[in-house]
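The chain below stands alone, shown as C-alpha cells; this is the form predicted on its own.
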C-alpha cells in the first residue's frame, strides 16, 4: 500500500508548515488528487488517521478533491475527458493521449488553529 508513504509525506508537509507558522493544531489538510494519480482514496483516509496520532494532525480531516482526467489527442488535437487514460479519442479513435490534468497529487491548503 503506497498510500501510506504518500500520506506520511503529506503529513510531514502539513506538520512542518504548522510548526514554521506557530500553529497549535491542524484542523484540516486539503489535497488535490488526480483521477489517474494511482491512489486509492479509502486507503489514504485510513492511513491519515494513523499518521496523525500523537501529532498536531490528530483529529484533523483530510479533504481529498478529485481532479478529473483531461487529455488531448496527439493525432487530431481534440481535448476530452476519458474514463481511463488510454480510452480512444472520440473524434478520431487514436490512442495517443497527452495528459492535461488528472495526474496531480498536491497539498493545496492547510487549516490551522493558533495557540
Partner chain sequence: MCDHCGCGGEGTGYSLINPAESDHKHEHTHSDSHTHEHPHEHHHEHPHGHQHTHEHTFTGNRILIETDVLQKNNLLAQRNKGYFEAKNILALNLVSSPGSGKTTVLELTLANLPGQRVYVVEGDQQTTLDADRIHAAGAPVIQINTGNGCHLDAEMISKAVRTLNPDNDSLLLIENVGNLVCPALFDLGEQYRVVIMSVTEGEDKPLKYPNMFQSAHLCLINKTDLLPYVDFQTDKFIRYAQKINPSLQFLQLSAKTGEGFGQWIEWIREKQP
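Bear in mind that the values here come from a model prediction, so they are computed numbers and not experimental data. Residue numbers count along the first chain shown, from 1.
Same protein, other form: the form predicted together with its partner chain, not shown, and the subject of what follows.
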item	value
Listed residue (45, 58, 30, 66) with a non-hydrogen atom within 4.5 angstroms of its partner chain in the predicted complex	30
Proximity of residue 105 to its partner chain in the predicted complex, heavy atoms at 4.5 Å	yes
Interface membership of residue 39, its partner chain in the predicted complex, 4.5 Å heavy atom rule	yes
Close approach of residue 13 to its partner chain in the predicted complex, 4.5 Å, heavy atom	yes
In the predicted complex, residue 17 touching its partner chain (heavy atom, 4.5 Å)	yes
Within 4.5 Å of its partner chain in the predicted complex: residues from 63 to 94 (heavy atom criterion)	85, 86, 88
